[in-house]
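Single chain ahead, by itself, as structure tokens, in the form predicted alone.
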């Protein structure tokens, strides 16, 4: 396993895919599916990505949703194979290049996602997972990001040891668990012409939305989720500190037991008596199970994601809130007698 044997050389970076290029049709199908699931039953929307690999660029040209888990009569693997066969018959790219999943206020980093991407990436080397944020996109900011597991994360999950020693040996942390791949959206020339014509029909804004607080709900949701994840990480830290205290107390008890036994053997030898028989220390002092560190690492990564989203997306909202608060206070002071 990871904690035993010779040290293996693991590449620091994943150079298989440098960029992801999505067709407008595939993006619209993902957006439609994710919003339908989020508004109807608040389920996580998932689907397959189809496309081709050209040099170091992954081109996503089509996609289709996975069947719902409630439908037990349909096998997911058979459904995917049937869909790809039908797409092949109509001359559509049918090569499986990854999968997509919806997210709510950036909440996507979890054990199921890690396990699914590991299986995808070990079977299809160029596969990616595309995360679409429904909350952020509904406020007018398209959030479409592609991620891949790093070589260290793949090696960690393959070994199956999530102890602090194994993670330290592989140099795996939340900051290098996933790597983000740049995503670009490409449309045909006719689509670009139509979008240019539609843009001319939209009336120009006259600067009346500088203090629009429409993104305040997204900021509130991300701050609440951030507090929840901080509480979870605090609970995990308490568990690990308790484990360290138990190990330290056990080491002290073992040391005292060995000293006492050595003194008894010395006194027995002085009395020409045979020493006490050897005992297995590990049976008397059984080692405490090491708490796995994978879930705390994912929680720390989710906290980092929330922090980045808040600093990038919600900094303007915070400034607007402070400005409107100052205007409200000034209005109240002027209206008071």
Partner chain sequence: MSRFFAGSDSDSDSSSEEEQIQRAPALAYAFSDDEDEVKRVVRSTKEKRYEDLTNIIKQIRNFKKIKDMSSMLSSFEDLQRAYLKAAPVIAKEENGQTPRFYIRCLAEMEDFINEVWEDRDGRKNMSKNNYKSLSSIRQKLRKYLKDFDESIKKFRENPDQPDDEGEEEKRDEDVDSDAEAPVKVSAAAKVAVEPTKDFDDDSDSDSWPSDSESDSGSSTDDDKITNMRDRFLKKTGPTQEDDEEKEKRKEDRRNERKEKERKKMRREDEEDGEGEWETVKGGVAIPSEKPKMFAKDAQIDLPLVINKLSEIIAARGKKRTDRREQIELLHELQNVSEQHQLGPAIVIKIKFAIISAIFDYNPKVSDAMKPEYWTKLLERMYELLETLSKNDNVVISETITEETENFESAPYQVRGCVLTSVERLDDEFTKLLKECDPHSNEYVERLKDECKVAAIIDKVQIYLERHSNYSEICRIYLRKIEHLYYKFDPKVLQQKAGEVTKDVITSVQEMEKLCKYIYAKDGTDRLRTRAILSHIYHHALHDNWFQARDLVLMSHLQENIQHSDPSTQILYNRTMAHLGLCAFRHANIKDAHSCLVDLMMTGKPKELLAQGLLPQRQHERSKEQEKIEKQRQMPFHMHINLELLECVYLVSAMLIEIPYMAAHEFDARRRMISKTFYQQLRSSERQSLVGPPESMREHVVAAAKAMRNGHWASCNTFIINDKMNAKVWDLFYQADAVRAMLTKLIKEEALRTYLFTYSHVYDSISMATLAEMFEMEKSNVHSIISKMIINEELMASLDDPTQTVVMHRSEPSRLQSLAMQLADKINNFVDSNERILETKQGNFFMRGQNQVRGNFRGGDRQNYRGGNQEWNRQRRDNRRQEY
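Positions refer to the first chain, counted from 1. Fair warning: this is a prediction, and the values are worked out from it, not measured in the lab.
From this point on, the text means the form predicted in complex with the partner chain, which you will not see here.
Taking non-hydrogen atoms only, residue 262 never approaches the partner chain to within 4.5 angstroms in the predicted bound form. Using a 4.5 Å cutoff between non-hydrogen atoms, residue 240 counts as a contact of the partner chain in the predicted bound form. Contact check for residue 154: no non-hydrogen atom falls within 4.5 Å of the partner chain in the predicted bound form. A residue is said to contact a partner when one of its heavy atoms sits within 4.5 Å of a partner heavy atom; residue 219 meets this definition for the partner chain in the predicted bound form. Each of 224, 230 and 244 is positioned with at least one heavy atom within 4.5 Å of the partner chain in the predicted bound form. Exactly one listed residue, out of 234, 110, 192, 122, brings a non-hydrogen atom to within 4.5 Å of the partner chain in the predicted bound form: 234.
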